[in-house]
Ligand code: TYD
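Read the single chain below, which is given as structure tokens and is the form predicted on its own.
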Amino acid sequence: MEKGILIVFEGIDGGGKTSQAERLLETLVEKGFDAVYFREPSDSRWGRIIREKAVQNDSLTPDEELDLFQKDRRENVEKNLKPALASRRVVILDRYYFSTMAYQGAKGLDPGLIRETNESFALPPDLVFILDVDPGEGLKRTEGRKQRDLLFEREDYLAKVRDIFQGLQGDEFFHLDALRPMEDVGEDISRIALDFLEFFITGG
């Protein structure tokens, strides 16, 4: 490949993003692709602050959240994404700036402005899988977690987040029903990703 490929997983919690991202990574490696996995928030100091604050209800204002996520993303882009893509790797990313648009947008900030700001420094994705799940079902699926993410896990709020995700449209976006069996969703993701990579490698 002449350049790397960036594949992003998005959606509210409970849709299986991380599991599907890890599954796709395994599939691509088995197929011989040089693939790597990253997540946001990252392991930067900004990402650690976000995770620490997330277990405290209303510990940050929407503007403070936005600032932390964008600082973390800038570091992730420079430290992880750019080098991997420059090395022509397939990068699988668990959450990106679309999550910032959705989560902070649902708290009253302007999703369009968030997108514009992030796209001034963030690398554009080639594929975006949005795993859609009803907020109530998503919360049920996350009940077993040791630490609840109190900043973001409220059903009425997640309904607004979901609406913003559902409004994202374009050739790079694939909206998938995550209430289906995980195996079926994973097969769809693998097929779409492998078809895209074959098209990209062969030039169509």
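The first residue of the sequence shown is number 1, and the count goes up from there. Treat the numbers as computed from the prediction; the structure is a model and nothing was measured.
What comes next is about the form predicted together with this ligand, which is not displayed.
Undergrad: Is every one of Gly16, Asp134 and Lys160 within 4.5 Å of this ligand in the predicted complex, counting heavy atoms?
TA: Negative, none of the three is within 4.5 Å.
Undergrad: Would you kindly say which of Arg51, His175, Arg141, Lys31 lies with a heavy atom within 4.5 Å of this ligand in the predicted complex?
TA: Of the candidates Arg51, His175, Arg141, Lys31, Arg51 is the one lying within 4.5 Å of this ligand in the predicted complex.
Undergrad: Answer yes if any heavy atom of Trp46 is within 4.5 Å of a heavy atom of this ligand in the predicted complex; otherwise answer no.
TA: Output for Trp46 is no: heavy atoms all beyond 4.5 Å of this ligand.
Undergrad: Is Gln104 a contact residue for this ligand in the predicted complex, using a 4.5 Å heavy atom cut-off?
TA: Judged by the heavy-atom cut-off of 4.5 Å, Gln104 is in contact with this ligand in the predicted complex.
Undergrad: Is Phe38 close enough to touch this ligand in the predicted complex, meaning at least one heavy atom pair within 4.5 Å?
TA: Judged by the heavy-atom cut-off of 4.5 Å, Phe38 is well away from this ligand in the predicted complex.
Undergrad: I'd like to know whether Arg89 contacts this ligand in the predicted complex, with contact meaning heavy atoms within 4.5 angstroms.
TA: Contact check for Arg89: no, nothing within 4.5 Å of this ligand in the predicted complex.
Undergrad: Give, in sequence order, every residue of 93-131 that has a heavy atom within 4.5 Å of this ligand in the predicted complex, or say none if there are no such residues.
TA: Heavy-atom contacts to this ligand in the predicted complex: Arg95, Tyr96, Ser99, Thr100, Tyr103, Gln104.
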